[in-house]
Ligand code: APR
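For reference, the chain that follows is the form predicted alone, supplied as structure tokens.
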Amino acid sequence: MDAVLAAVRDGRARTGRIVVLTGAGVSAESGIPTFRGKEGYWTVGAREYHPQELATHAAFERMPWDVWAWYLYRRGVCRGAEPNAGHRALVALAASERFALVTQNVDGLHIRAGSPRASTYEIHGDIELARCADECTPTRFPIPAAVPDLQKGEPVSAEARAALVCPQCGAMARPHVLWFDESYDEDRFHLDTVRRVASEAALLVVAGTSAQTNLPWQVVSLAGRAGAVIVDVNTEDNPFGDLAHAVARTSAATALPLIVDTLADI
């Protein structure tokens, strides 16, 4: 960790934003599966669907209640997890105007740990929220209390279906998540804000993500062009490590508290 903390001190001394980008690896340490493995499969009739097939607008149009059932099961998994030391450590940076937290995770663990929404950019959405499936408004709203978490394979009840509607127009609601066949935008997923923050970065810490989606690549690329010091924290090698000035091949729950201590009083 010595080289990583030296790089963090270098980035701290520069003029610009301090940005942390977190991915599924951070929440995996809280017991949330990435859902890219076998535990993420979902059975509809006689067919098993991979998460990358279910997490699409096309799948929602064909079988909306099966997709909802999968998300309500996932929501229960996320609710059963607790923020870990990595999530909790980042809360200490929230008071600084220099700091921004960008997360790919939809589990809400950063918010539950105490990070404020105003400086936490959830670029893939929040599994606790829904919005209008007909897009009458980009406004998000909490999934109603009448909608329970589901066990794996459990269908959405008639009562829950009746509650999963847009409060503005009455159309069906959809999960507030970015699906694989959808694009980032500012209103829903902070696209322009996150690009701006990345382009102002003096230090970028990438934790627990392995370069699978587009906007995280843009964050790293823009920060690199801005001359930011880039640190990669991941238990495994990944493409971001090749771009980093320093690499910590350890868990985010181990590395982030040390990094935050080094950034005290920014």
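Because the structure is predicted, anything quoted here is derived from the model rather than measured. The numbering used is simple: start at 1 and walk along the sequence shown.
There is another form of this protein, the form predicted together with the named molecule, and it is not shown here; the text below is about that form.
Stretch 210-218 is the answer when you ask which of 210-218, 61-69, 197-205, 223-231 has residues with heavy atoms within 4.5 Å of the named molecule in the predicted complex. In the predicted complex, the named molecule lies within 4.5 Å of some heavy atom of residue 252. In the predicted complex, the named molecule stays beyond 4.5 Å of every heavy atom belonging to residue 44. For residue 236, a non-hydrogen atom is located within 4.5 Å of the named molecule in the predicted complex, even though that partner is not displayed. Residue 56 falls outside the set of residues with a heavy atom inside 4.5 Å of the named molecule in the predicted complex. Counting a residue when any of its non-hydrogen atoms is within 4.5 Å of the named molecule in the predicted complex, the hits in 1-28 run 23, 24, 25, 28.
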